[in-house]
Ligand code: URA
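What follows is one chain in structure tokens, specifically the form predicted on its own.
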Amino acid sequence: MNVREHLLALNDELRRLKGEGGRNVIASDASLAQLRQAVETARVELASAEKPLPEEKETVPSPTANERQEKSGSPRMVAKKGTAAFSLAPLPAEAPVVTLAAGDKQTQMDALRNLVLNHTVCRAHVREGKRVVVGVGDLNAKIFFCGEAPGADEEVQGEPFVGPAGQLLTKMIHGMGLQREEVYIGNIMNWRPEMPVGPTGEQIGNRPPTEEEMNFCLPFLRAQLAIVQPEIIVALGATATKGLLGHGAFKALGEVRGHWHEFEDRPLMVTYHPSYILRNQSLRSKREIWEDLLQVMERAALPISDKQRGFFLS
């Protein structure tokens, strides 16, 4: 990963932290000095990259493409000189209508999974060699964990929450006295939101999905909820919460986290995304997310030991 890629990744984490309600970041003098040096190096790289290349031309969508994109409300990306070209396939104006197949839960989920994995729009947004992602877990689970979108590890394995944040989520589930296979884990989005690719052809960094993208995929999430019929939904992070409650429901996650809400006539608990804990290892932040999960355990009538109640208190 070059300097520019590191800075893009840092910017992504800062944006996510802000969305979680964070306002301050602690950094040592040495770290700040390294960051200043990295910024200066990136500035030199950018100045070099902006030099026109003889065979490159700016790509401008045709009026017909513009009309389609404006109608659908999806963003338009164009390739510029000296940058990695990428584009977003336009989203249809209407979200898909999903009808559950006849049969038991497994039959319904198999049919839904086949629909999503082969959906032309979903596949159009996945780069070659990457995968569309559908939720996994117990089809009779009491608890449904909902994130925002797949990341780099997820689009390779085709399963939600398998990267570092997913590994931490698994530990959190174990702390609740459950196994990962006993809950259901999914995302609102079924593909990794597109960003530019680097010289190796791999995507650089992540971005939160747009409101239009999440609205398009919500019918697939609702179908999973209809099949699993969980007692409780746990929204992980600000972006997922906005997707479920509405983008205007709050400004900072702290306004709504730790409280019960409702989605699809089911109780919804809002808490931090596991990546927040990966960035913020303070005892306080760990205790806050654990208190949210204790509320989930109580509502799901799960046994809670004194040891569990005391996690991250000291």
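Numbers follow the displayed sequence, beginning with 1. Everything numeric here is computed off the predicted structure, so don't read it as measured data.
FYI, the form predicted in complex with this ligand isn't displayed, but the following is about it.
Taking the partner from elsewhere, Glu154 is found to have a heavy atom lying within 4.5 Å of this ligand in the predicted complex. Using a 4.5 angstroms limit between non-hydrogen atoms, Gly147 touches this ligand in the predicted complex. Not displayed here, this ligand is approached by Phe161 to within 4.5 Å at the level of heavy atoms in the predicted complex. Contact annotation for Thr241: none of its heavy atoms lies within 4.5 Å of this ligand in the predicted complex. If you take 275 to 314 and check each residue for a heavy atom within 4.5 Å of this ligand in the predicted complex, you get nothing at all.
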